[in-house]
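In structure tokens, the next block holds one chain alone, the form predicted alone.
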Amino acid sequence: MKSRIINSYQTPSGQRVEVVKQSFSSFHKPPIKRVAFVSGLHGNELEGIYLCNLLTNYLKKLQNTQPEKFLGEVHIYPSVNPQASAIGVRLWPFLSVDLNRQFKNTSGNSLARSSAETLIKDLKASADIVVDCHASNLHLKEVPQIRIIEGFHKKLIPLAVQCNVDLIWVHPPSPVFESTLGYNLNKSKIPTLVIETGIALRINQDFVSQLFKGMLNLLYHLGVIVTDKIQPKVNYPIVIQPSQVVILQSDFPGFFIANTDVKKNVSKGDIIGKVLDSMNGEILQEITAPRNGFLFTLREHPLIYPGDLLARIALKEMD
């Protein structure tokens, strides 16, 4: 493994910050494929950083003992917004800028903008396929899933089904995506999978272990690394369109108390949770599944207001 600093800068407080890239070279020349894993665009999304840690340790041991197993290259960017990751905040510190909204070709010379430009240039030079790892926000727990913008789906779904996720969610195009890393790499014809899982500032080891198995399977599938062992069986995910997503929201302010957890098949009428009056504990609203499906999003933060998202259910088949 070789480590290289792709970007460094000095903070207003005088601290030197470095963005590191860890590379595993190919025994085969030229490499069959070059795959990159990116994490930490949002500093409070820790599960991707942990996933990159697991991948680095596994690949380091493999390359030290069996370098001939590498027929392609692997590049890992474990924390591309290290200041934010160090203090567990979503946005770029001092500037309060979302780093994952800095990749559109727009004017500006901020430190976040120049760092985004450096990152995407390095990825374009190093990778044929990219996996961009994210977690959910502080309010919602998400099952391991890959989100794909419609228009890129024909190239991405065959890759996404190798990743051991529970769900592939195809979204219609929207201006909100146009400044993200995933969108701009896909637009540049570098297939990029955007993973979402877990919850911010937490590490769900079961979810990360599931994704670790999936990332290895993706590398096996692409021929980047080879194995003498039988390849582990991975889940075939549900593939859904926006019309197959049922959203459950609160009608009242109060506390949301869940009766179940994500990764469950629910039937029409099943109780998902309750909205309680925070003062007297009165049940204000019982949240039930309106249709049969797979529960893939669930509210974790109990404090809620009217209109807050409480759960999402994926309909496996349209009625």
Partner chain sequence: MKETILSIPSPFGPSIDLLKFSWEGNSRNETISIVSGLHGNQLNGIYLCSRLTHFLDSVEAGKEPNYYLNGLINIIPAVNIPAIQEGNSLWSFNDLDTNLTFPGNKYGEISERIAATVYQHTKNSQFGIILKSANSHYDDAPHLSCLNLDRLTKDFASSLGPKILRGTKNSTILHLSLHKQWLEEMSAVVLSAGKPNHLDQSLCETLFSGLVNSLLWTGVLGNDLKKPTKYQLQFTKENNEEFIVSHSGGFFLPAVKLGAEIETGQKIGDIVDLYSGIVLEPFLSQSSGHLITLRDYPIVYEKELLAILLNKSKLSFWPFK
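None of these values were measured; they are calculated from a predicted model. Positions refer to the first chain, counted from 1.
Keep in mind that the form predicted together with its partner chain is not shown, yet the notes after this line are about it.
Each of 9, 110 and 306 is positioned with at least one heavy atom within 4.5 Å of its partner chain in the predicted bound form. Taking the partner from elsewhere, residue 83 is found to have a heavy atom lying within 4.5 Å of its partner chain in the predicted bound form.
Using a 4.5 angstroms limit between non-hydrogen atoms, residue 278 touches its partner chain in the predicted bound form.
Proximity of residue 241 to its partner chain in the predicted bound form: non-hydrogen atoms within 4.5 Å are absent; the residue sits far from the partner. Of the heavy atoms in residue 203, none are within 4.5 Å of its partner chain in the predicted bound form. Of the listed positions (249, 209, 188, 231), a single one reaches within 4.5 angstroms of its partner chain by any non-hydrogen atom in the predicted bound form, namely 249. The listed set 43, 273, 254, 293 contains one residue whose heavy atoms approach its partner chain in the predicted bound form to within 4.5 Å, identified as 254. Residues of just one listed stretch (71 to 79, 163 to 171, 127 to 135, 178 to 186) have heavy atoms within 4.5 Å of its partner chain in the predicted bound form: 178 to 186. For the partner-free chain shown, 13, 16 of 13 to 52 come within 4.5 angstroms of its partner chain in the predicted bound form, judged by any non-hydrogen atom.
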